[in-house]
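We begin with a single chain expressed as C-alpha cells, specifically the form predicted alone.
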C-alpha cells in the first residue's frame, strides 16, 4: 500500500479558548493505483489531513506511513517523503515565483539533488506531459501565461521530480468549464502514464463521481464514509452535509419518480445518456 493512516488526530490551539479538534481518530489506507476523492464541508478537516501526508503538519497523535516512511518516528525523512508525495495546493499558479517557466519547473528537481542538465531534461519532459510546448514557454515569465497554462506549469513542477503520489487540492478551482475539463482529462491521462495514485479534494461532486474510484467523506474531523462513488451517492443521505449528488444521480432520481428506473451505477452525463437510450430501446425496461 502507498499510505497507511491509523488513529490520526490533530488539535489546533491546544489549551486556548480557540482549541479545535481538526481530525478525530482517522484511519484508512490508500493502495497504489487508486484515485481517491476527499470531500466534506469547509472546516471538515480535509486540508489538515492533506498536510499530514506531506509532513507540513507535525504528527502529534496516531500514525501515518507513506511507503517505508513512518511519520511517528522521532526524525522522519521529510525530504524523501516529499519526493514521494507531490502536492498541488488550491490556486497553485499563485505560487509560481521564478523569472522563467524553465526555472520554475526545474526548482523541484534541483532541490531534490538533480544536476542542472538532468533537471532541465526532466522539466522539459514534464512540461510536454502537461500539454505545454517546451520551446514556446520555457523562457517566458509564468506571469505572462493564461490561468490554465499557469496551472499546467505548477503541475509540471511536481511531475518533474517523479512523485509516486499526486495530491490535488481543488485542482479545477477558478477555471472556466473548458479549463476544468482539460485539467481533469490531463489528470486522468497522467494516472495512466505517469503517477497512478491520486488523492483529490473537490467540492464538485460531478468531478469526484467521474474521476475517482473511491470517496472518503469527512465531517467535523471524523471519517464518515469510505466507499465507492455509486454507493455514496445512491445509498447515503448527504443532505445533512450540504453535499449535492452529481447531476446525473439527481436526474436518475427524478426519473424514478416518473416510473423510469435506471441502474444505480449511472454517475456521469455520458452514462446517463447511454442508460436512457438503453431503457427506451428495450421497450421501457432498464
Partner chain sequence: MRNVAFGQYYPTGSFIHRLDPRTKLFAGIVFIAAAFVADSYWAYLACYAFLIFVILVSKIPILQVLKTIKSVFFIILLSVILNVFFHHEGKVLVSWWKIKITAGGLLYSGQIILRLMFLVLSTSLITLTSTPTELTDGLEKVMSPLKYLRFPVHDVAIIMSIALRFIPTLMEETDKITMAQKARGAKFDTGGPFARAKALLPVLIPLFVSAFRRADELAFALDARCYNATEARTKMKILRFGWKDLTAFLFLALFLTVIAFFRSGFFGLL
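Positions refer to the first chain, counted from 1. All figures in this text were calculated on a predicted structure; none of them were measured in a lab.
Keep in mind the form predicted together with its partner chain is missing from the figure; the text below concerns it.
Requested in this report: Identify which of 194, 95, 72, 141 has a heavy atom within 4.5 Å of its partner chain in the predicted bound form; exactly one of them does.
Outcome: Checked against the cut-off, the match is 95.
Report task. Choose from 117-125, 99-107, 186-194, 212-220 the stretch whose residues reach within 4.5 Å of its partner chain in the predicted bound form, heavy atoms counted. Result -> Contact-bearing stretch, as computed: 99-107.
Requested in this report: Verify the flagged residues 51, 82 and 157 against its partner chain in the predicted bound form: is each one within 4.5 Å by a non-hydrogen atom?
Outcome: Yes, because 51, 82 and 157 each have a heavy atom that approaches its partner chain to within 4.5 Å in the predicted bound form.
Query raised in the report: Is there any non-hydrogen atom of residue 129 lying within 4.5 Å of its partner chain in the predicted bound form?
Result: Contact with its partner chain, no.
Query raised in the report: Any chance residue 134 has a heavy atom within 4.5 Å of its partner chain in the predicted bound form?
Result: Contact with its partner chain, no.
Query - Distance check, residue 145 to its partner chain in the predicted bound form, heavy atom within 4.5 Å - result: Judged by the heavy-atom cut-off of 4.5 Å, residue 145 is well away from its partner chain in the predicted bound form.
Report task. Let me know which residues along 15-52 have a heavy atom within 4.5 Å of its partner chain in the predicted bound form, or say none if there are none. Result -> Result: 15, 16, 17, 18, 51.
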